[in-house]
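As a starting point, one isolated chain is supplied in structure tokens, in the form predicted alone.
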């Protein structure tokens, strides 16, 4: 299914061409207020455009303020963050509500299929009020599947759940999407969720598309400084390429020299990006394959989930994630001297004026 959206609505101003059947799971990723939900609502037929048009497989669905194909005829399954289940109905009745009349000949079979796909086959007669947040989300997913739609749209499907439930459902949701085989577009501003769910990420910032790529490409090789900020690259500093040789670029950053893969662009002004998980720490320099070794001073140590984040002033700000065990072994404290080591391929350069 080819989706072509070229138009504006409020903040949204996009030129988007994607084949959602080439990659089963697309994720619209970006900070809050970037236009992700607005884009999803335009796709669903819930909102018109101010100008421009939306085409699906060459057919005009929306043209400016005119919605040519109404939401009920778009054959789309919708899943909202608040589940939107009917509390006065049983699970079976909620799932049945999503089945179009044209497909109700085998209603019971469809209900069982949808519940099985959502791993909720034992919930049929339960009242909605008795469901936990995670269980309710499975039923909402089953209801969306029961329509047997050509496309699923998920608006931050896990954001209303508590952290432990959300973490346990991430991998399940990815499996559910791929098991169903229905092309899916999800909205999230959560980095981990995007990495887990996406086969392809569409990065939206301030209403415009900045990058469309595989999750690893987006998070490891952001297209510009705004994407780098959105995906949370911990170390990003301005520098200048002073030498290019043998496929390597030597970059000066605040007086320090860093080696990186030579970029394809000719601009010498760059933003030097390194992910914290790619930076190892040591007490002193050594001869290793990690070509970049910078001496610095620890400025802050803070928890980061199961890891510890260590911020270092090496003439420019560097951040590293290490285990608590490594922190103790290195005997690091604020003010400690430490060596930050990272390989040249870990450095990503972005053109930067």
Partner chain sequence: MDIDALWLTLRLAALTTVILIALAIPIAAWLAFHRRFYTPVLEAIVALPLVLPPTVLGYYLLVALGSQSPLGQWWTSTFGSPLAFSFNGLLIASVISSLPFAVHPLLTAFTSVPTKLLQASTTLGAGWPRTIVKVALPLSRSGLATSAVLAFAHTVGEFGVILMVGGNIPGQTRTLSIDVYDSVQAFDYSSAASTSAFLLVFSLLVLTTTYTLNYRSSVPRQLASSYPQPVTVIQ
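This one's a predicted model, so the numbers in the text were calculated from it and none came from an experiment. Residue numbers count along the first chain shown, from 1.
Below, we turn to the form predicted together with its partner chain, even though it does not appear here.
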| query | finding |
| --- | --- |
| Listed residue that, although its partner chain is not shown, lies within 4.5 Å of it in the model of the complex (heavy atoms), from 229, 242, 84, 160 | 84 |
| Heavy atom of residue 147 within 4.5 Å of its partner chain in the model of the complex | yes |
| 4.5 angstroms heavy atom contact with its partner chain in the model of the complex for residue 138 | no |
| Proximity of residue 41 to its partner chain in the model of the complex, heavy atoms at 4.5 Å | yes |
| Its partner chain contact at residue 46 in the model of the complex, heavy atom, 4.5 Å | yes |
| Which of 271-279, 117-125, 194-202, 139-147 sits within 4.5 Å of its partner chain in the model of the complex, heavy atom basis | 139-147 |
| Sequence-ordered list of residues in 71-91 near its partner chain in the model of the complex, where near means a heavy atom within 4.5 Å | 71, 72, 76, 78, 80, 82, 84, 85, 86, 87, 88, 89 |
